[in-house]
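Only one chain is shown below, in structure tokens, and it's the form predicted on its own.
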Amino acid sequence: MTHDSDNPLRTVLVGLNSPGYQSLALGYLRAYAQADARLAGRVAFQTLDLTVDVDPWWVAYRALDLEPDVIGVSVTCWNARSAFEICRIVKQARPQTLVVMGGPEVGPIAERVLERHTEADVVVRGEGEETFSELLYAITRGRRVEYVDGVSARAADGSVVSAQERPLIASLDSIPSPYLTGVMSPVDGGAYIESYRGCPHHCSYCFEGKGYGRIRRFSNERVAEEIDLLATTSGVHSFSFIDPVFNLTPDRLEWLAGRLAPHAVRGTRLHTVEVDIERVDDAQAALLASAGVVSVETGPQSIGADALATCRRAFNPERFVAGVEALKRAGISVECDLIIGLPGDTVKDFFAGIEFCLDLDPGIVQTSTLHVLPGTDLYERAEELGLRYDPEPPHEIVSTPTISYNDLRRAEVRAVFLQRQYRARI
């Protein structure tokens, strides 16, 4: 695209979130780009942090009213249909606007997205902060965007071109905090801290471990500043961490608990952090309680041996039970998650998992249906494993070699009934 260098590049970032939440990903993008001295005075930002239940035509109206030169949309499997519709409307109404998409729904299959969705001009692959900033710089300098590392784009002749991969950001502290910079204002219950990227596990149905590979951490000083800001913001009584494993190491858990404990004493709470429950004993449970943790989320996802092996997920039932009991003694509610439709599982395996979890009386038993997400191991091995799933987002499983479509639907209905019974009982 060409840009009039006499005027700032009007850039609108659009997030479609669950009600009550904000897009931390867009906060990172904007904070990083605004800190780039090359873009100072050349780019003007607006963020529309909206909810996924808002009419896409209304979202497009809000975006178009800002007359964007560039619109950036964060796309997940849950908001993808709305996101594509918004971009399609924007492109029809304002063809000169450059439509940029990023996020886990589009990044792993960037070329396919560009071939299927003519409303998209650019897809940012993988970690977006540095790539998006470089993309904006290229536009302000009149350079061809398809040559920006980490980008797939539609070239002038209409062909889809992918530049080389961009390495992961070496120092996460180089990404300014959206909260500390004022790009985002904390909201009660909807504010999140990310203290590291990556995951120690490599479950086949999840993008986290594969998407980021090795674990990289924000410094303790950075995390401490964010904790103190969120915990002392007026009206914020609870927040959370988006880390895949909150109790990643004993030393880290002890440090976090020590940092959070003074705020917990004053009433600040952490809601639903994810833990590796098989590592939890009474000492860890006490640390979690002192940090203000009121609820945790954990597996087992399945207790079926075939599904666990296929999905490369470990499960030790004795240690799992011990972890739940330790947390209950500490007064912490446990959400046990199970997935319907994992390859290798039968309906019998799934309900054995529900029975296992209900017998623990953890506080919450939650079930969800498998989504075969782009970039995951299951997505790449779907044909080999005989998985049939909806090619359109959110890519829900249709059938597996061991569970038919009808059996999946019946299992879902019965699972909802059992969950309601359990909630009513407690």
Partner chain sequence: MLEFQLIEVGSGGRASCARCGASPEAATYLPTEEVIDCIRRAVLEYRPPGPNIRFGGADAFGHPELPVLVSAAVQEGVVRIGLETDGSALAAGDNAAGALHAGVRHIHVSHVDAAGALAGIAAWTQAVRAAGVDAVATATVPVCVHNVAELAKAVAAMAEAGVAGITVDARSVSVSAEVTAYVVAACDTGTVNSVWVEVLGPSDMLPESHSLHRGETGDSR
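Residue numbers count along the first chain shown, from 1. Model, not experiment: these values are computed from the prediction.
Same protein, other form: the form predicted in complex with its partner chain, not shown, and the subject of what follows.
- Every residue in the set Asp359, Asp407 and Leu418 has a non-hydrogen atom no more than 4.5 Å from its partner chain in the predicted complex.
- Note on contacts: among Ala163, Val160, Val347, Cys77, the single residue with a heavy atom within 4.5 Å of its partner chain in the predicted complex is Val347.
- Taking Ile109, Ile303, Ile354, Ile169 one by one, only a single residue has any non-hydrogen atom within 4.5 Å of its partner chain in the predicted complex, and it is Ile354.
- Picking from 42-50, 359-367, 65-73, 379-387 the stretch near its partner chain in the predicted complex, with a 4.5 Å limit on heavy atoms, gives 359-367.
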